[in-house]
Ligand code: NAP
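Given as structure tokens, the chain that follows is alone and in the form predicted on its own.
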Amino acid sequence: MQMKYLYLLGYPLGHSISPALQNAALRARDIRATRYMKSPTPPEKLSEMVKVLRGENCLGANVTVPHKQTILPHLDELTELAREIGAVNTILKQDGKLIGDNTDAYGFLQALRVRRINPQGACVSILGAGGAAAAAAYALAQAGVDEIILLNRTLARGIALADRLNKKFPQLALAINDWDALAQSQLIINATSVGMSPRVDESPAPKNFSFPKHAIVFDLVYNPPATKFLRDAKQNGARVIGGLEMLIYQGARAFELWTGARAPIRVMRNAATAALQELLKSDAPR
């Protein structure tokens, strides 16, 4: 039986625990001769990696930073969801074609649902305007939030994301780089990589910012589990959510799309948690 592969495209990939949770899921569902593996892909090698994805032994792929948007022109088709979000994190193989999809939006919203958080009617601030921010914004707009404030160091990217959201959700109130609104937001999301290991002492929040006690603060970074962004929010009394749950649920949705099998959520969570703990040990000062 020929070995089949699922790939993770990104650069760098030293922090990723996706192989641990996906390979655990494959074993749990007795899907043999299939392996999920990292494929560190610098931007200049993306075209070459796409050729690998077209090979017969490839079943599909995940895509992470910095390729969630730059991968788009390399694909044959996009699902409606991926096209509207403007970012791809999952690639499916169908009749020899590479189909770009997005499971980040599902994973983000599911991480809220399992905590019985309903964002309908909320005012939301999102730090970032890349692929993860776009997925979160799209999911929240579908869930019926009243307003989204996009906060991004590059104004043009914030405007581009706001334009895409406005076309799909004309009733949604949108603002760009209104930092004063941060203190009034009910939900505050870090969708940047700031604070990710090894830069654990950094935060995307403004210096000396006091997180509102009433807010839910969600950091999409999962390594470390308690970022400075979350530590500061918790110290001010806010409710905090780390990025591990979103990682698990977006991965579970991708697993189901690739295999047609039901994702073993508990197995994936246990494997992800164990892999993250091992990663934290290896990163600890010696």
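Just so we're clear, the structure is a prediction, and the values are computed from it rather than from any experiment. So that there is no doubt, residue numbering starts at 1 and follows the sequence shown.
Below, we turn to the form predicted in complex with the ligand, even though it does not appear here.
*Asks:* Wondering, does V145 line up within 4.5 Å of the ligand in the predicted bound form on heavy atoms?
*Replies:* No - in the predicted bound form, heavy atoms of V145 and the ligand never come within 4.5 Å of each other.
*Asks:* If we define contact as a non-hydrogen atom of the residue within 4.5 angstroms of the partner, is N152 a contact of the ligand in the predicted bound form?
*Replies:* It does: once the ligand is placed as it appears in the predicted bound form, N152 has a heavy atom within 4.5 Å of it.
*Asks:* Spell out, yes or no, whether the shortest heavy atom distance between A215 and the ligand in the predicted bound form is within 4.5 Å.
*Replies:* The answer is no: A215 has no heavy atom within 4.5 Å of the ligand.
*Asks:* Contact with the ligand in the predicted bound form for A254, defined as at least one heavy atom pair within 4.5 Å: yes or no?
*Replies:* Contact check for A254: no, nothing within 4.5 Å of the ligand in the predicted bound form.
*Asks:* Tell me which stretch of 132 to 140, 92 to 100, 113 to 121, 167 to 175 has a heavy atom within 4.5 angstroms of the ligand in the predicted bound form.
*Replies:* Going through the listed ranges, the match is 132 to 140.
*Asks:* Please pick, from L230, L26, L53, L247, the one residue with any non-hydrogen atom lying within 4.5 angstroms of the ligand in the predicted bound form.
*Replies:* After the contact test, the surviving option is L247.
*Asks:* Please tell me which of V194, L78, L182, A160 lies within 4.5 Å of the ligand in the predicted bound form, judged by heavy atoms.
*Replies:* Of the listed residues, the single hit is V194.
*Asks:* What residues, if any, in 56 to 86 have a non-hydrogen atom within 4.5 angstroms of the ligand in the predicted bound form?
*Replies:* Contacts from 56 to 86: V65, K68, Q69.
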